[in-house]
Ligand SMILES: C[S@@+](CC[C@H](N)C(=O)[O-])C[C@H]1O[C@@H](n2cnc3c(N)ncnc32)[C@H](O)[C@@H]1O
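Given next, in structure tokens, is a single chain: the form predicted alone.
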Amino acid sequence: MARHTAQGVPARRGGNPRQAVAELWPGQSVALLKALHILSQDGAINADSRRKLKQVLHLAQLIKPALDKAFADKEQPVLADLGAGKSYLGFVLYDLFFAKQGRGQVYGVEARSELVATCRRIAAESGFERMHFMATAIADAVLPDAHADVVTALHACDTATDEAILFALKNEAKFIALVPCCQAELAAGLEGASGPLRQLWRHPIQRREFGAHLTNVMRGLFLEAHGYKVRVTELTGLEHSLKNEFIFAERHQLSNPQARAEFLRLAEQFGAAPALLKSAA
């Protein structure tokens, strides 16, 4: 027999429909969140989905100023969500901003064709006519007119974040919002490095953490070298995700020679750098 709350609303283990709805942004589509399996069919939400939703909504709040500027500056602003996966972020941004504005385009880029097929179905069922999905690697993705106003990448693993940065440059993005994940490339490069600084990463667990930190430092410098003003902050609390570093960049000029020199100096000092970025520095 189903349990009921004091208000007579059916309740399921791990979620309360009234509490779940109260956590949403005003006007957010409950039907969409059910299609994404963030909410159950009776509107409840479990602990894992709550963490996921909290991250995505907080990221949407951080990206909102960039989208507000993009809509103010362009009649048809373009957002590219890279390494989209199930496109939780892309769907939420379309629902909260693009659908309400009635203009602009959203492109989701994902290499796994089965996820792209699912996203296309959900977009069609939701009436999201200006939301498109491309089954391709980030490095091979081509947007109409090779232009994007805002580029996002949520938990793009390892070098996929670097691919997202290069994509943003190629498509002349004004804003870039990144949440990196699983930065393993530099940790492998540091393993054989020598010198007095080696004590900073001698143990494998420290090498992983130091490699991830150095990777994101160099990503910030690379963006600054290409004229972006960069802000690095926490996405959400560590209780929700251990990979919670948020990199936000807004382009102000074409280049910054001093930042480029700092990037190359670090690459030389540590004997390691994100290969994709170093080749484009």
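Note that residue numbering follows the sequence shown and begins at 1. Everything numeric in this text was worked out from a predicted model, so none of it was measured.
Omitted here: the form predicted in complex with the named molecule. The next part is about that form.
Picking from 167-175, 153-161, 71-79, 188-196, which part of the chain touches the named molecule in the predicted complex when contact means heavy atoms within 4.5 Å?
It is 153-161 that comes within 4.5 Å of the partner.
Have a look at 143, 200, 122, 137 for me and say which one sits with a heavy atom within 4.5 Å of the named molecule in the predicted complex.
If I apply the 4.5 Å criterion carefully, the residue I get is 137.
Given that the partner is absent here, does residue 103 sit within 4.5 Å of the named molecule in the predicted complex, heavy atoms only?
Residue 103 lies outside the contact set for the named molecule.
Since only the chain is shown here, I'm wondering whether residue 131 would be in contact with the named molecule in the predicted complex (any heavy atom pair within 4.5 Å).
No, residue 131 sits far enough from the named molecule in the predicted complex that none of its heavy atoms falls within 4.5 Å.
Residue 95 versus the named molecule, in the predicted complex: is there a non-hydrogen atom within 4.5 Å?
So residue 95 does not count as contacting the named molecule.
Could you confirm whether residue 110 comes within 4.5 Å of the named molecule in the predicted complex, counting heavy atoms only?
Yes, residue 110 sits close enough to the named molecule in the predicted complex that at least one of its heavy atoms falls within 4.5 Å.
In the predicted complex, which residues of 61-90 put a heavy atom within 4.5 Å of the named molecule?
Heavy-atom contacts within 4.5 Å come from 83, 84, 85, 88.
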